[in-house]
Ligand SMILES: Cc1cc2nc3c(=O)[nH]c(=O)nc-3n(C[C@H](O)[C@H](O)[C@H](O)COP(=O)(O)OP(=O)(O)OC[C@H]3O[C@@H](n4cnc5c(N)ncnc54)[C@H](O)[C@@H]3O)c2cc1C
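First, one chain by itself: the form predicted alone, in structure tokens.
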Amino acid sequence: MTLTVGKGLTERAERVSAVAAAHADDVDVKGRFPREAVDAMIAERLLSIQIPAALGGEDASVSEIAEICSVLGQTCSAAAMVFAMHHIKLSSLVSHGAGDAWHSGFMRRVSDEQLLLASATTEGGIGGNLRNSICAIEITDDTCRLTKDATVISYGAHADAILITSRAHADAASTDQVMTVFTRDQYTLEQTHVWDTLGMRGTCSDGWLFKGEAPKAQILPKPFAEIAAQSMLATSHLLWSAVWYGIAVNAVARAQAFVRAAARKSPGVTPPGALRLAEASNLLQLVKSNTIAGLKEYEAAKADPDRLSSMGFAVAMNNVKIASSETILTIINQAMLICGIMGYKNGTPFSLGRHLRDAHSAQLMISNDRILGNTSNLLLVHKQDTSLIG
């Protein structure tokens, strides 16, 4: 399987990527939202490509979306991550809301208006465990209300709607959760934390006290446990991996340009960084193969809810995330060693500081230690799939 993108998506993504590239350093330095890149996504109608054609979208596959994440990641990882996280949330609507009148209508609105979707799954008091909630949604007649101390809502101040998790009711267990769509006119945000970070600064993932009120029809009909297992976690690991791959691709491209420039200066002499470049290329191919294998597994499993919820599928998706997030740091560090001081300095054609800082977020989204702990528990009862056929 290769990542092929049709329907003009490649050209549209490349136009957005060019806009993102022009502003990437400014976005990083100022820690500001990549407004220009997102406006370009809207102009190219990329925010709705995953939605079924019957609802105004383009039926884009997760592999096509991953390829766009990679293209954007090669120029501005913050813009690429905004695009990825939007489509992660949209995958929950497409997978679990298509048969519901309100959510089908909302998807049509997303397509018509190119609405940007954000996520609020983390909460003060639970750490990064999105499968637990303290807050509970309150339902009175046909109205639902929710107050949540959301420690992180990526680009929350810039979103047109937020998909937010909570306990299903006041007496529900912390793991008995639902996800609800609130549109911008249905909630208020009071800032509680400022996103001043090492990397991924343009995602503007501030903390907010969320207060919302909406018709109860906006609660997704499936329990969040199903949504997480069958769409959200898989698409998160796959689309994030595609973004990280894009960052690493650009780092290797800069290192390759550096080695080629050195070779031109000394014809017939192998540049010192040539062997490291070969090593980085090898690791880059491993990340590509790992991501493609994960996408192939997800595409094959999409039609089978039992397979999507299986331990084997969870292990496979967890492994994709762990391998991608750890390997890209090695790749970018190799590129830094190749480029030397020119890679270490800002403002050169070979600068890699932003790449390295952004890539360090990979092991923290969701924490690799948490994922490894989950996988270790699964492997106590699940036999590892070792087949090369699948």
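No experiment lies behind these values; they were computed from the predicted model shown. For every residue, the number given is its place in the sequence shown, counted from 1.
Although not depicted, the form predicted together with the ligand is the subject of the following passage.
The ligand in the model of the complex comes within 4.5 Å of a heavy atom belonging to S154. Although the partner is absent from this view, W195 contacts the ligand in the model of the complex, with a non-hydrogen atom inside 4.5 angstroms. The shortest heavy atom separation between T10 and the ligand in the model of the complex exceeds 4.5 Å. Using a 4.5 angstroms limit between non-hydrogen atoms, H382 is distant from the ligand in the model of the complex. Figure note: of the listed segments 102 to 110, 118 to 126, 186 to 194, 297 to 305, the one touching the ligand in the model of the complex, with heavy atoms no more than 4.5 Å away, is 118 to 126.
Proximity to the ligand in the model of the complex, defined as a heavy atom within 4.5 Å, holds among L238, A255, I137, M85 only for M85. Though the ligand is absent from this view, in the model of the complex it lies within 4.5 Å of a heavy atom of just one residue from M336, M365, L47, I322, which is M365.
Of the residues in 185 to 211, those that come within 4.5 Å of the ligand in the model of the complex through at least one heavy atom are, in sequence order, W195, M200, T203, S205.
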